[in-house]
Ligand SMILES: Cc1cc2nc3c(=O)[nH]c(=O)nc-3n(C[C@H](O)[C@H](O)[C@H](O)COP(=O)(O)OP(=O)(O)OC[C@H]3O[C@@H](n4cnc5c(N)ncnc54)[C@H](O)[C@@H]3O)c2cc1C
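Taking the form predicted on its own, here's one chain by itself in structure tokens.
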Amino acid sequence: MAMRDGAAYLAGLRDSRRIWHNGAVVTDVTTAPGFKNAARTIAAYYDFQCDPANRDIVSYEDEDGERSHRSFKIPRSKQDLRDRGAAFAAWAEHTGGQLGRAPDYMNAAIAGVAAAKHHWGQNDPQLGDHAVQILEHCRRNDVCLTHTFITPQIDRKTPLGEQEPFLTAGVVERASDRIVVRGARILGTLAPFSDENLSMVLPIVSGENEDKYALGFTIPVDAPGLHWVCRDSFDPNRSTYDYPISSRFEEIDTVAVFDDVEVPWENVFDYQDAKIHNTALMVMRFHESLGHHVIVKNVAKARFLLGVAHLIAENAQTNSFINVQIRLGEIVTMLQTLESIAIAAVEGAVENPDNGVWYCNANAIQSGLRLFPEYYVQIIDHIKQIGGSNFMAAPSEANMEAIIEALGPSVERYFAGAAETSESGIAKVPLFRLAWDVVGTSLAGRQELYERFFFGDQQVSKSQSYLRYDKSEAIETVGRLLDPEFLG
């Protein structure tokens, strides 16, 4: 089948999945309030990839003569990485980077799993073969994946083997053709709108009774016994005028509960081997593989936020004030830094001789992943400061219509901006409704939390960056300049 369009994608969501929200199971995510708009957004992604205007950018012709999204392709050259980055950028720029878990993110993840075939199969070649077969299945069927990479945050001090068993998902039973999984995993973003789940990576296992948690597999979202417990939906089920971001990009985060779920053996690629499991992130080049998508998305998101900041300043004609220009200039500098990192990540890419796969430059990826969480918080603060009280003077669509009907069209002048006749032609109220949805709504709060902890705790990550960095050249430079004989 290869690439699906939006209609085929939506049809695939109408199954027996158990999506728990607000005290009940959502029977159809394509029609339920709080869910249907996000489903339509993901459907638009699939229509976007099939649009002839975008097809050559986002897809390639595979060995079967079918079109597949470039994110499914294991990069075998630097050009493959360039092409993949362009495919990532096409959708990210189209949507202002507002969909962090767009399907192409997990496409890249499953390609990264398959690229590590040599790792999974070093003791049991069958497991390595499974990883490749899973990628082929996902590519051929254009599967939309969610992921559960993390253990529930219950007790981070007590060793896993000493805790109550199966708080995190583990193997209860093994048969020749399947395993049975019990426990929970997080954080299944986009799960209500996905076809299958990729569960892998954490926890790190080391002690007695922990091997059962060393596990990596895929499973359909609607598998018997698999339940998805959603946080509150932040889609207010209002018009796109009132909530242009929340009404389109509510990905929903979930906890996956495995109630003795049967996983077919061919879906398992990581099984009860602590050494293989614990070293998977490093061997997969996890950050370089998935981080490529992230930094491209972050460039698009920063560009969108710059547009918001510039327009609200222009709208009130405060962009001539030096203090506002400084804030806008800082955003520009952040965007330019991110753009430079995205280029360096690809142009500094290297081939891994173990599997012939090309990976983005690790230093560039790590820098981009560490910088954006801080940039994002600063940019949001700049937008708040630039917008000021204007956020509170942006009536809803219904309210605007009502006051115009009651007082006449002239009332609109009280809600106009100074620059509505400028080149942008964007009216003040819709602009500030959009800006508030970026900085002040429930979804805005989720977005900030999401960016703060993307790819883990930033403070721990910074510490690891220091500990892992090869400091030999820096040390050698200091020693050279301390040498009395240096330069004669």
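Residues carry their position along the shown sequence, with the first being 1. What you see is a predicted model, and the numbers here were worked out from it, not measured in a lab.
Not on display, but discussed next: the form predicted together with the ligand.
A residue is said to contact a partner when one of its heavy atoms sits within 4.5 Å of a partner heavy atom; Asp457 meets this definition for the ligand in the predicted complex. Looking at Arg413, you'd find every heavy atom of it more than 4.5 angstroms from the ligand in the predicted complex.
Residue contact check for Ile186: one or more of its heavy atoms lie within 4.5 Å of the ligand in the predicted complex. Shown alone here, Asp253 lies within 4.5 Å of the ligand in the predicted complex, counting heavy atoms only. Only one segment in the set 150-158, 81-89, 173-181, 239-247 has residues whose heavy atoms sit within 4.5 Å of the ligand in the predicted complex; it is 150-158. Note on contacts: among Lys428, Lys36, Arg67, Arg446, the single residue with a heavy atom within 4.5 Å of the ligand in the predicted complex is Arg446.
Listed residues His277, His293, Arg139, Arg101 were compared with the ligand in the predicted complex; Arg101 is the one with a heavy atom within 4.5 Å. Using a 4.5 Å cut-off on any heavy atom, none of the residues of 383-397 reaches the ligand in the predicted complex.
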